[in-house]
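Let's start with one chain on its own, the form predicted alone, as structure tokens.
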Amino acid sequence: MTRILHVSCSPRGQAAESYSLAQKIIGFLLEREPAAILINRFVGGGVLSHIDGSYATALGAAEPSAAEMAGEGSFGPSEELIAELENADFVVIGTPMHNFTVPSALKAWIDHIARVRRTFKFNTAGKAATLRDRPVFVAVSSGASFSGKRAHQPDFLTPYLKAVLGMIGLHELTFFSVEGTTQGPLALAEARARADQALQEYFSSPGA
């Protein structure tokens, strides 16, 4: 059975522009896989706690700690989140851009799923991923424009997600965005239309 994991990161919840864009992506996926199971993981608004001290200490240790072996503290939710990711055939991340990069809620989720000895390991060449690759769609909303000719602010979100998710084995990332959400109703309508067009073009292409 096909599984779609939706990770929603905005503190605005279902009112967020990134949530609406993620729902459109999910709609296209469900058109292809009507029987797919959708798993919604809301992490915005402080729902997901940041990692604790024992978890942080274990990340730098050469061997598993007692807390890691027992699944105590942050290792409990970490294992649950990793299992959701492992079982998903598609991942849809809906996120705002905060201060040029990912919001703290998405960073907290990443800190839980990017875990040494679990989703990556060290070898003589550095870090080696342990997860299989699968399509990851990232729906981004931003108050200002960060891509194309309209860009007038830095983008640290896109390269960061490519690097950190690639570290654990997720390389097939596709980004869609609604940019300039604070530029007025007309600019927002145009941004939504551009995003809709990009979605239509992507999902109607033969190789998608």
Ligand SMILES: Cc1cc2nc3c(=O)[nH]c(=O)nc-3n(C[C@H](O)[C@H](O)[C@H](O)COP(=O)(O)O)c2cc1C
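Keep in mind that this is a model prediction, so the values were computed, not measured. All residue numbers are counted from 1 along the displayed sequence.
Another form, the form predicted in complex with this ligand, is not on view; read the next lines as being about it.
Within 4.5 Å, heavy atoms only, which of A61, A70, A144, A56 is in contact with this ligand in the predicted bound form?
Looking at A61, A70, A144, A56 one by one, just A144 meets the 4.5 Å heavy-atom criterion.
Choose from 177 to 185, 36 to 44, 61 to 69, 164 to 172 the stretch whose residues reach within 4.5 Å of this ligand in the predicted bound form, heavy atoms counted.
Correct option: 177 to 185.
Is N99 close enough to this ligand in the predicted bound form to count, meaning some heavy atom within 4.5 Å?
Taking the distances in the predicted bound form, the answer for N99 is yes, it comes within 4.5 Å of this ligand.
Report yes if any heavy atom of L199 sits within 4.5 Å of a heavy atom of this ligand in the predicted bound form; otherwise report no.
It does not: once this ligand is placed as it appears in the predicted bound form, L199 has no heavy atom within 4.5 Å of it.
Can you tell me whether Q153 touches this ligand? I mean in the predicted bound form, with a 4.5 angstroms heavy atom cut-off.
Close contact exists here: in the predicted bound form, Q153 approaches this ligand to within 4.5 Å, heavy atoms only.
Since the partner is left out here, which residues of 102 to 117 would have a heavy atom within 4.5 Å of this ligand in the predicted bound form?
Counting only heavy atoms within 4.5 Å of this ligand in the predicted bound form, no residue of 102 to 117 makes contact.
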